[in-house]
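Okay, so here's just one chain, in structure tokens, the form predicted on its own.
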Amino acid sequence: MKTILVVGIGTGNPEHLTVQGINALRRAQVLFIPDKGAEKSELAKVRRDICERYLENPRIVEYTVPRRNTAAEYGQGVADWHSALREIFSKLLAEHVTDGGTCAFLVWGDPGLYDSTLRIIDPLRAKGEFAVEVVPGITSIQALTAAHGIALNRIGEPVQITTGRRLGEAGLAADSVVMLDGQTAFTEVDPELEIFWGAYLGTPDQITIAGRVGDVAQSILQARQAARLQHGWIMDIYLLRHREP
């Protein structure tokens, strides 16, 4: 039986990789790295740098990530995209992993938080042909709270993890960590809320802004725009909460 290691590598800082993660990568005969095109080539470079930093003569195979059909209904577009990736994964496993061998997928952040690798390989695992091991990584949430020097939750209070799309639809039900907010939903919320925002967390390009939404929303928009122009992509996240009296 072949073994698939799904390894969380943190949010861009090579030192985010845990000892468990390093040992997992060293077990793999081949490491699969996604290529998301020229705009996000830096993401593939970070993965390669991690491999070269911690491994001797790593065998790296890159694969092209297909684009999701954003014109389709959201759920169907994601399902079709996952199906296309599953076919790519099946070919990678067939061509590059020997019987009894081990491979590794390097996952940004943590495999259990807003990453689809586990969902994509679940049908392959269900066939009984592969064993899957998951190695956790530092999440963007941890990197965000560390960057701002704050605790994620307040005493006795819950925290919701959501997306910009869902925040725009449902509003703020509780203190919320908001991810994947390309539409900048924070500009539509109560301006009296408190926001802790960060982009490129854990990397030398890290940016953080915090304060009352009504005071800092424009600064965040300007920082996002400038950073996207500079890098060609942006990964950001923020915590929204009601201000303490």
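Quick caveat, the model's predicted, so the values are computed rather than measured. Start at 1 with the first residue shown and count on from there.
The next section is about a form of this same protein that is not shown, the form predicted together with another copy of the chain.
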property	result
Another copy of the chain in the model of the complex reached by all of Y74, H82 and Q160, non-hydrogen atom within 4.5 Å	yes
Distance check, L17 to another copy of the chain in the model of the complex, heavy atom within 4.5 Å	yes
L221, heavy atom within 4.5 angstroms of another copy of the chain in the model of the complex	no
Proximity of R165 to another copy of the chain in the model of the complex, heavy atoms at 4.5 Å	yes
Close approach of Y54 to another copy of the chain in the model of the complex, 4.5 Å, heavy atom	yes
Stretch 98-133 - residues with a heavy atom within 4.5 Å of another copy of the chain in the model of the complex	D110, G112, L113, Y114, L118, R119, R125
